[in-house]
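The form predicted on its own is given below as one chain in structure tokens.
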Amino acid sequence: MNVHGPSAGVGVLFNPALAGFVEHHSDAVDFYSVIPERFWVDHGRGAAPRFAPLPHEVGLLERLAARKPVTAHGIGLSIASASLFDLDYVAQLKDWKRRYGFAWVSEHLAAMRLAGGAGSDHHAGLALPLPWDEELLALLCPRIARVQEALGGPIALENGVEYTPVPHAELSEPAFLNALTARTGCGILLDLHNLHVNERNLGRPARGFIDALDLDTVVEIHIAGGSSLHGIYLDAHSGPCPPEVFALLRQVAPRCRNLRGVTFEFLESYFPSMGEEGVLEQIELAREALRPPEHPPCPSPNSSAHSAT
């Protein structure tokens, strides 16, 4: 699968609630995105063997791969953790990319793990805020190079949600991402719901982020829904996308010349309230957002962003 710009494919992030969807509605999607960690047990660094496949889940993955192209969206690398660079995890991802032919691989630009003794790592349970500065760039660039060498191609890294941002950062997040892509050749997974969360909680305009980002580096776009708790809007993947996310998708997708796919994410606990019809509706709304307008406006430049190197 190698589609670009407004012709990018539309997919869904697989979860166990979609097992029936795969059997009945695979014609509705162009690809499935999978979280690799759902298909194995990780016994921890130093264990032998460390990774144990889950037979039932692997069977599901094989059925997915038989029907549609599959992409990988990892959650376990924690590539920005200062105390940890998990090369065993990278090797596992390389093996599964070879085995299942992942069309592309994405991960979170995040720090979630802290190295502990005897492989007993501590996990924060969510992405910790990152300092957007040269020191972090110096940490990440050689790591990304190692990952991309192992995978045999670029990895796409996702912009995050900042519930407690680091103050007085040297760079804005889009400026940091521009520098990172320029120095490493990695791609960007642009999560529009994450931008919507930061706009609601922190007052950061999502469109300002988009205009500052080098959109030629965007390989994939994520869309999702959220919910509020105690006055904070959360990236909860809680069912349908808000209208603001589809509005952002309509604006940004035509400007991403190397866009390959748009992925709808939701957690399986929300499937009963959505059902297969609700998932199909979100997929169709994404397709509608990608269709060029009948009377397109005057073309706008791709971005005013300049890569800092």
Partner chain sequence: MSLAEFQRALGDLIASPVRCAKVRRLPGLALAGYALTARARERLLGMAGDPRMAMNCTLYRVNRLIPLHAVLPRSCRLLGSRLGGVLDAYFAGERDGTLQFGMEASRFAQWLAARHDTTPALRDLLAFELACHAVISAAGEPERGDDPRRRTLALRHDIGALLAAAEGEEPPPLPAPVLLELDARGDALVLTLVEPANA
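Residue numbers count along the first chain shown, from 1. If you're wondering where the values come from, they're calculated on a predicted model, not measured in any experiment.
What comes next is about the form predicted together with the partner chain, which is not displayed.
Here the chain stands by itself, but in the model of the complex one stretch of 131-139, 147-155, 92-100, 188-196, 131-139, has heavy atoms within 4.5 Å of the partner chain. Each of D42, P165 and I232 places at least one heavy atom within 4.5 Å of the partner chain in the model of the complex. When the partner chain is considered in the model of the complex, H122 lines it closely, a heavy atom lying within 4.5 Å.
Although the partner is absent from this view, R257 stays clear of the partner chain in the model of the complex, with no non-hydrogen atom inside 4.5 angstroms. Interface membership of L87, defined by any non-hydrogen atom within 4.5 Å of the partner chain in the model of the complex, is ruled out.
Among heavy atoms of P243, none comes within 4.5 Å of the partner chain in the model of the complex. Contacts to the partner chain in the model of the complex (heavy atom within 4.5 Å) from stretch 74-88: A80, S81, A82, S83.
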